[in-house]
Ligand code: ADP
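Given next, in structure tokens, is a single chain: the form predicted alone.
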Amino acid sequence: MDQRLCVLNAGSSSLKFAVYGVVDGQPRHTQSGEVDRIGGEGRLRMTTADGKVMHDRIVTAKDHAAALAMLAALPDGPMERHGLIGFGHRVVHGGPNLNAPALVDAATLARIEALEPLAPLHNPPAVAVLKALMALLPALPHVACFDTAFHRGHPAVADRFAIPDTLYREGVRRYGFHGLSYEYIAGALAERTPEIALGRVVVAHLGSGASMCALAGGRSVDSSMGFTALDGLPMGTRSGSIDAGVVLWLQRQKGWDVGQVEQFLYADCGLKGLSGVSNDMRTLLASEAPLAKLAIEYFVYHVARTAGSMAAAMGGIDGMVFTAGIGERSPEIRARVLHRLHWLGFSIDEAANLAGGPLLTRSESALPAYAIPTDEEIVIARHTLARI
């Protein structure tokens, strides 16, 4: 494994990474880690693929560039020069034109930067990391992989809002997000469950950010998220779908400006706002507070409701997949959702669900449901290797 590539995933307050050796032309995971709580006291952690801890310490990084510098200073870290052939980056919003993984040059970087208002929590840190790393290692190639790209083949009825065509042509449309996760799940289904992989599958990517996707024949045909990652399901701190009239009311009656509305919708709503307790599903499940219980039921209700709409978009359903943090690790949420979807033909196997699956339903269930861990980084690594 003389050749290595590094995948970077810049979150609003974290910088995750994964390192891959290249074996027979394919990426093989060797290391991963994260600098979290950027902007305050956080933690730098790095492990090998088999879980051996290489670094684990408290750090303070004022911004993403500082976090990147910490990683670059590690002698055995992700930016160790020997054999390094390039970088792959997760970029949340690619807009209407960045619809496939792309080598990053000055023009591409400018187009990504111009989309920052559409993904204010995610595109700015990705741009900051790209700029810092391109300055640090200017000779190495960078590939940007977009969460919106997997959804760009949606039919017009799923792609548009009911607004004038001139605005659609300016890019106001439903993009969909978590596409790298859905791309991984589509591939995993083809390998593990070929009997439904080419059918109609509803995938629930449930985490602090949450969305759902209708996969038909392994391709995205609809998504719960729209123009921005605010839309669709209620999330940790994001509102999910909300009547646009609420925004108008806040501006007119409360006198809120755009910045206040943005802060409110992205940081003060969702499970956090509804419960008044926490944005973390684990905390809510352990709480006896009435509003915590309401937030959980609200989340479950909207996941089940959206599953029905995704099935309707495909003209039927052949199976369902739960993935991401809540989807992979919360048997209670999976059980509640599947009980609500019993009318569709799901009959949950309680023991299998508690064990984490992967198959969550009984042998006599009319439809199967699975829990499948996602891996966005390997998708980015494959795209990167194909383009450098």
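All residue numbers are counted from 1 along the displayed sequence. Owing to the predicted nature of the structure, the values given are computational and were not obtained by experimental measurement.
The discussion below concerns the form predicted in complex with adenosine-5'-diphosphate, not included here.
Across the options 129-137, 274-282, 307-315, 194-202, residues that bring heavy atoms within 4.5 Å of adenosine-5'-diphosphate in the predicted complex belong to 274-282. Shown alone here, Ser330 lies within 4.5 Å of adenosine-5'-diphosphate in the predicted complex, counting heavy atoms only. None of the heavy atoms of Thr108 is located within 4.5 Å of adenosine-5'-diphosphate in the predicted complex. Proximity of Ser287 to adenosine-5'-diphosphate in the predicted complex falls outside the 4.5 Å heavy atom cutoff. Though the partner is left out of this view, Pro96 does not reach within 4.5 Å of adenosine-5'-diphosphate in the predicted complex, counting heavy atoms only. The contact residue chosen from Met46, Ala324, Ala61, Leu338 relative to adenosine-5'-diphosphate in the predicted complex is Ala324, the criterion being a non-hydrogen atom within 4.5 angstroms.
Residue in contact with adenosine-5'-diphosphate in the predicted complex (any heavy atom within 4.5 Å), chosen from Gly86, Gly187, Gly207, Gly77: Gly207.
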